[in-house]
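Listed next as structure tokens is one chain, alone, in the form predicted on its own.
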Amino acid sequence: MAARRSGLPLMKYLRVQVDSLPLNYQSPLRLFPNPFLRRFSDEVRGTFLDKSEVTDRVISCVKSFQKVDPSKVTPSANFQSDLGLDSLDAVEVVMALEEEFGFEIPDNEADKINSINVAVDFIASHPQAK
């Protein structure tokens, strides 16, 4: 303990001279990747889809579902009250949307998707949707 305390005062007075660098100076470290810089793959980074495109794709996906009458499908349609789907059918629709857009919807979010508008909002705001 005494040895550690004796080293502290010396550290307090230690100074290092730093000269200013010229404006056109390029660090030799630029050749090596920065290990602290977070790099994301294109899959993780993703791009947000256009909401109108997402709406069209969601509606076509829901229309192609067997138990849905295509004439009842509108952007504001609710899965249960407007389209007559039960909870298991709604889960199957969400699974079809996962397949259509190429990403997995977490269970806690899938439970909240009960209409086409909610599905469109969620998918359009998800960075991994393709």
Partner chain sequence: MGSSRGQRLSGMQKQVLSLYRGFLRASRSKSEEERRKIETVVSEEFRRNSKEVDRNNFVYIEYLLRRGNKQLDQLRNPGTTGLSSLRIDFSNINTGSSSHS
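Residue numbers count along the first chain shown, from 1. Given the structure is predicted, the values throughout are model-derived calculations rather than measurements.
Missing here is the form predicted in complex with the partner chain; even so, the following discussion is about that form.
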- Query: Even though the partner chain is not shown here, does it sit in the model of the complex so that Glu53, Lys63 and Ser125 each have a heavy atom within 4.5 Å?
  - Reply: no
- Distance check, Ile105 to the partner chain in the model of the complex, heavy atom within 4.5 Å: yes
- Item | 4.5 angstroms heavy atom contact with the partner chain in the model of the complex for Lys67 | yes
- in the model of the complex, Thr74 touching the partner chain (heavy atom, 4.5 Å): no
- Query: Heavy atoms within 4.5 Å of the partner chain in the model of the complex: does Asp121 have any?
  - Reply: no
- Restricting to 59 to 93, the residues within 4.5 Å of the partner chain in the model of the complex through any heavy atom are Lys67, Gln80, Asp86, Ser87, Leu88, Asp89, Val91, Glu92
